[in-house]
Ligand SMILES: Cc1cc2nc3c(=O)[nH]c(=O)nc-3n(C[C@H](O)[C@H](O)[C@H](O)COP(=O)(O)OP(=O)(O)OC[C@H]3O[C@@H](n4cnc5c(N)ncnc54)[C@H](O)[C@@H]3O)c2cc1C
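Starting off, we have a lone chain in the form predicted alone, written out as structure tokens.
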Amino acid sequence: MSSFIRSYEEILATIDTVDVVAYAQTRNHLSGAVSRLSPYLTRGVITLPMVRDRILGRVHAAAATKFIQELAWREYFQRVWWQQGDAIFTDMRAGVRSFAQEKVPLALMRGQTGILTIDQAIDNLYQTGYVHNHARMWIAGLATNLARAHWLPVSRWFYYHLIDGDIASNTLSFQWVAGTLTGKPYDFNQAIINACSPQTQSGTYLDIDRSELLNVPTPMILLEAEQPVLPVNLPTTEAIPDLTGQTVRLFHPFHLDPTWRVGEGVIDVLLIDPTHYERFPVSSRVLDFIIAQARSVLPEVRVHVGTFSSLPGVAQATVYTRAHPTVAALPLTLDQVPQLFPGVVGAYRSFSAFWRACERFI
């Protein structure tokens, strides 16, 4: 069972121990004071404004600004997905980059790139489903900016293994690294990895000036590539009673908030829709985490593996859920996700523009 599974009380305690000052100073280092709240934010156990407000209940806004800014990245990516729809799965700035192939380097999938810190991060991905954010950038950068692999297949492979896999954040972060989101690819080198890692390494193919990353030949070790095989092993569905006339709190893999509509649901159901995982496959570790985390905070929840319409009696039930692009087409009442910055409206071409609009609301 994943070590990330927490009760709701334990998650709140984790929020209360976040050191936002240390976070701002050390978050880029692999041993830095990161919050590790991402699995619970992705799965909707907690919301962005709830985390912010709980933090601001004990520290001044000035000290928490960097932490809030990082929360805002997640909100920005979600907004882009809502606004752009399936366009986020294509180059947001078409033509700014050319890629040599649309597969995933085998050395990357095997964790045998020769860059020790990256290989350890990939091993950690396979063992735990979690990777530090800076290591995610190096993995994406190695694949897209050195191996010249298109970001989409690599992002799908990476997402498959993440217990905190947020579709918008993962997809658009890979685009950000590849330069198809902003027009400027992320460059890095061995010196940057060494500065942010507990260990150092020298004599690698990344011992270059970071500005040369896009210009050096792809190392031989990164040339062999293939399409990843991403099988989905769905869990066993549970018996769901006839919902006719019932009020149902419908949860989904991105909405597991136990404080939502408390007292209104006679029956709690977690929807695991196979059609969703045909498009966005995830590993058994991820599915196990989703279900175990749901049961940890929603002890009465019943797991339905099937489409929404296959729920017995659902057409004659009163069903609520919380909005997410993956359930937007369901014929039911969708509660909006609480936002960090509801006063900021409209589309923003970059995060920096979005953040400038947000700052006055902190």
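Quick note: we count residues from 1 along the sequence shown, nothing fancier. Nothing here was measured: the structure is a model prediction, and the numbers come from that model.
One more form of this protein, predicted in complex with the ligand, exists but is not displayed; see below.
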Could you tell me if residue 59 has a non-hydrogen atom within 4.5 Å of the ligand in the predicted bound form?
-> no
Contact between residue 273 and the ligand in the predicted bound form at 4.5 Å, heavy atoms?
-> no
4.5 angstroms heavy atom contact with the ligand in the predicted bound form for residue 71 = yes
Is residue 197 close enough to the ligand in the predicted bound form to count, meaning some heavy atom within 4.5 Å?
-> no
Though the ligand is not shown, can you say which of 152, 137, 146, 92 has a heavy atom within 4.5 Å of it in the predicted bound form?
-> 137
Pick from 47, 321, 293, 38: which has a non-hydrogen atom within 4.5 Å of the ligand in the predicted bound form?
-> 38
Among 155 to 163, 197 to 205, 92 to 100, 231 to 239, the stretch whose residues bring a heavy atom within 4.5 Å of the ligand in the predicted bound form is 155 to 163
Triplet 34, 77 and 170 all within 4.5 Å of the ligand in the predicted bound form via a heavy atom | yes
Residue by residue through 46 to 68, tell me which have a non-hydrogen atom within 4.5 angstroms of the ligand in the predicted bound form.
-> 67
